[in-house]
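Given as structure tokens, the chain that follows is alone and in the form predicted on its own.
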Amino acid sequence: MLTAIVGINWGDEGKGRMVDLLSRKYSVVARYQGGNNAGHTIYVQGEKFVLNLLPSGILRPEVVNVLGPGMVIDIAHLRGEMERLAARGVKIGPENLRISGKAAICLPANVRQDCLEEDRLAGEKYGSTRRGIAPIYGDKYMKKALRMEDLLEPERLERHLSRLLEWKNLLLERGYGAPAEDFDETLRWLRENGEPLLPYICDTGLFLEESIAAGKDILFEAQLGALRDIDYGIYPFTSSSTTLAAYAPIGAGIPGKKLDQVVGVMKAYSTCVGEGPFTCELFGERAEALREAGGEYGAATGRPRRVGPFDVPASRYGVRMQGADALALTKLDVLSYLTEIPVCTWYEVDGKPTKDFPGGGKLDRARPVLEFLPGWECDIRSCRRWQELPAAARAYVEYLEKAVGCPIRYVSVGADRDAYIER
């Protein structure tokens, strides 16, 4: 079974929580895109773990975790993340972590370029996490980037780095008027942080092919959501990679394989970190109450998330883009404080109603049209069976299920591993 866990909306839907939950049934968990620009928060027996680069299966010692060729890896961040988890008793070794030699390395120069560009854009900034993601993907597609496999060949690494920095410094010095990147300093950074990772670097595609041949099941983990996809998201306020399920086998290293199942993850309300159109956004006291109830702050950056009611047009679009077969609805318990629950059922664009998710300037001009459903006004965090939920909570889930046109199989009612209902 090849299954992808993907985001339906703007990211931060709770994918890590669902990967951690479902990974108990899988032998391998593979990340296939993105870098350390987003975080997955997981609670195990009340203990909080925040993962940026490592797949969410890393908290299960029997699962092998893969960083695929579609990823961009800040090796200093990865090394630090591994050391922090190991210090907390998490098993990490070459037997349960594999890193693709084809994954690109995110250098300090990429991080600097990212920050310089966001500063240059000022009020027109894209909302970057300032972790170098757009510049390293740019380097990759301009065929300039270093890859993890270069760490295995020191002479090749030095030659490639020399050519790369010669080119990169033209931009830094003449474009931004910033100091150049030093070759020796960057090489030391690569050696210091790359050497501990050498035992983990391999051909992840071959490993996954062998795993499939042995009858093992693979879970693919996405970062961010459909609306942050570089091609189909709210461009240019997107990530720089393909966040869709269709890319999972490609980004993991097995482009010839097809998925058997796609599980989309969406919140019981809407959240968004960063810039760009967010039609259903709430402001003022209502926004602050929802943000505090849900603890809505970015796992990677700590930035307050923008919040709003569930957005039907955006979610229906995300379901279609991801090709979701089933859905997981997270954070239903957060809405328990509301007497009535707003839902954005459709948009108004230029005075005309639409249930479709528009693009370009039309999305900028879209206005939300809200409907209100009854709240349940009680604590549901102890519910573990569908019938234990209050009638109003069940009605809310069923309403969303019908509105987006895809069955909701999992309902999360709390942060802990067992705080969910499977329908």
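Each residue number is its position in the shown sequence, starting from 1. What you see is a predicted model, and the numbers here were worked out from it, not measured in a lab.
What comes next is about the form predicted in complex with a small molecule, which does not appear here.
For the options 140, 305, 77, 316, the residue carrying a heavy atom within 4.5 angstroms of the small molecule in the predicted bound form is 305. Scanning 110, 241, 330, 204 against the small molecule in the predicted bound form with a 4.5 Å heavy atom cut-off leaves one residue, 330.
For the three marked residues, 12, 15 and 414, a heavy atom of each sits within 4.5 Å of the small molecule in the predicted bound form. Considering the small molecule in the predicted bound form, the lone stretch of 97-105, 331-339, 149-157, 282-290 in range is 331-339 [heavy atom distance within 4.5 Å]. The small molecule is not shown here, but in the predicted bound form it comes within 4.5 Å of a heavy atom of residue 43. Residue 39 belongs to the set of residues with a heavy atom inside 4.5 Å of the small molecule in the predicted bound form.
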